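Next comes just one chain, in structure tokens: the form predicted alone.
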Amino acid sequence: MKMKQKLLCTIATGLIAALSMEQAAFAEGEFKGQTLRVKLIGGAQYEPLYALIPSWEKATGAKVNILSRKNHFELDREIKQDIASGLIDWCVGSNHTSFAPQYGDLYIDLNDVVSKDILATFVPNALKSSTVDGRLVQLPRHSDVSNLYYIKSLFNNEDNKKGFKEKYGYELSPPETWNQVRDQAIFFADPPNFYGTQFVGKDEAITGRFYEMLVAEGGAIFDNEGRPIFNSDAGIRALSWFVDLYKSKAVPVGVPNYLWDDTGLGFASGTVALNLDWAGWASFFNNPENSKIAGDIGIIRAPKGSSGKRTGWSGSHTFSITKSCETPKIAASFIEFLTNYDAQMVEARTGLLPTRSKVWDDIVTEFKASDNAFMVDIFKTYKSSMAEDAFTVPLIPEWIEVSNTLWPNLQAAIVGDKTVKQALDDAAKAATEVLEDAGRI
């Protein structure tokens, strides 16, 4: 908990110091006396941005009432409850390109309230993936793809090199394939004191991890007609990877309940050898005030599956404006502010991947000028992954419903309550029913 608090304080200080009201789309004090009701994603990577909000309030005269600050899975459930009750009494909500298609007409088309000049500063693909049925329903805050962090000293240790070669018959080096990750994770594990790797284990988080491993194994979630086919040989190989690591105790016993903060803080604790994770943790991992492995971290592109394809589940965190919002101009000002150049530069200093084109270039220039070779390497690696490896989940309204049939079955296989084949068959049957009920197949 102390590590998370340090992360929030460290980044928040930088955010406040660096902020300017770049491209402000309002007159000073224009919104005085107005209150904007919002629901936002919370968590170690996301909350520091909200330290900027008082600056926007001071400049505009408006006040922000944060109704919710939850992880995205809990926030998604809350928003669905709001939709079911018909009570949408808030204006701005955190969103994600994977979640957005399910919300129907909840959110407005931002093309109507955000100027073309501002939109032109964003990465075109980020705007494309933020568009649903021709409507730009979200303004992208930052993008995501995962790469593999590792503790360098483990790979440089001569005893480790010798022991690994004797056991597995090949040299110990940063892994190129997920099978090598499995070998290395089992080799390094010394439970309960040290683990070879870890993974998120519930909600859409584990669905996404399984999905990208499935793709890397040459499989797919759906066939060309939209029918679930993840219970294939590729699916069995993908899920077996997680099961094998859990059975071998190469991962912490609690991984079925892990989400992103758990894996990020776990790696920073120095008790995990290899960690597939988002770029936003990079500066935290390399900060000795937060992390026991600072200065001892390597980064490589995500490994390949048996198909030769790398994992690369990707998307963007975003902000949306509800149709019921009575002050869309104020809401637009707010989300433009939280995604402007200065805000994205500050977030990029932590490793979060920007959605504005200029920030990609300027942040690397800044890191080079400060001789921060680690963060230069981070952005070089993640830029390659975003360009060559990144792919989204199927962008259909039923995706989260499909995920909700899949992840409990993945959990059941991981902890041994079901066989891999049974879990995938059960999930495929349930997912088929979801899609049939929706009239998609």
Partner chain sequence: MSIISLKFNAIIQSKKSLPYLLLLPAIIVILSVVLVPLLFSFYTSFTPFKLTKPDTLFIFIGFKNYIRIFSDMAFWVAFGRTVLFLAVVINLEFLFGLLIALMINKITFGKRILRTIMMFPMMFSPILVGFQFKFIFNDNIGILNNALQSLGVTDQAIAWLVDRWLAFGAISFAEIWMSTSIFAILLLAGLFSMPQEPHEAAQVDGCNSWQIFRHITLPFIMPFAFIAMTIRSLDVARAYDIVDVMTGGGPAGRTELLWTMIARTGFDNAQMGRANAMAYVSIILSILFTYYFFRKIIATRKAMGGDT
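None of these values were measured; they are calculated from a predicted model. Numbering follows the first chain given and starts at 1.
The form predicted in complex with its partner chain is left out here; the points below concern that form.
*Asks:* Of the options Trp56, Tyr46, Trp407, Phe31, which one has a non-hydrogen atom that comes within 4.5 Å of its partner chain in the predicted bound form?
*Replies:* Contact residue from the list: Trp407.
*Asks:* Val243, Ile186, Ala220, Leu265: which sits within 4.5 Å of its partner chain in the predicted bound form by any heavy atom?
*Replies:* Of Val243, Ile186, Ala220, Leu265, the residue with a heavy atom within 4.5 Å of its partner chain in the predicted bound form is Leu265.
*Asks:* Each of Pro252, Tyr258 and Glu433 near its partner chain in the predicted bound form, meaning some heavy atom within 4.5 Å?
*Replies:* Yes, the whole trio is in contact, each within 4.5 Å by some heavy atom.
*Asks:* Partner absent here, but in the predicted bound form, which of 369-377, 31-39, 410-418, 387-395 has residues with a heavy atom within 4.5 Å of its partner chain?
*Replies:* Answer to the contact question: 410-418.
*Asks:* Please determine whether Ala120 contacts its partner chain in the predicted bound form, using a 4.5 Å cut-off between heavy atoms.
*Replies:* Contact with its partner chain, no.
*Asks:* Under a 4.5 Å heavy atom criterion, is Asn156 part of the interface with its partner chain in the predicted bound form?
*Replies:* No - in the predicted bound form, heavy atoms of Asn156 and its partner chain never come within 4.5 Å of each other.
*Asks:* For Pro192, is any heavy atom within 4.5 Å of its partner chain in the predicted bound form, or not?
*Replies:* The answer is yes: Pro192 has a heavy atom within 4.5 Å of its partner chain.
*Asks:* Is Thr365 close enough to touch its partner chain in the predicted bound form, meaning at least one heavy atom pair within 4.5 Å?
*Replies:* No, Thr365 sits far enough from its partner chain in the predicted bound form that none of its heavy atoms falls within 4.5 Å.
*Asks:* Suppose contact means any heavy atom within 4.5 Å; which members of 312-332 contact its partner chain in the predicted bound form?
*Replies:* Going through 312-332 in order - heavy atoms within 4.5 Å of its partner chain in the predicted bound form - there are no hits.
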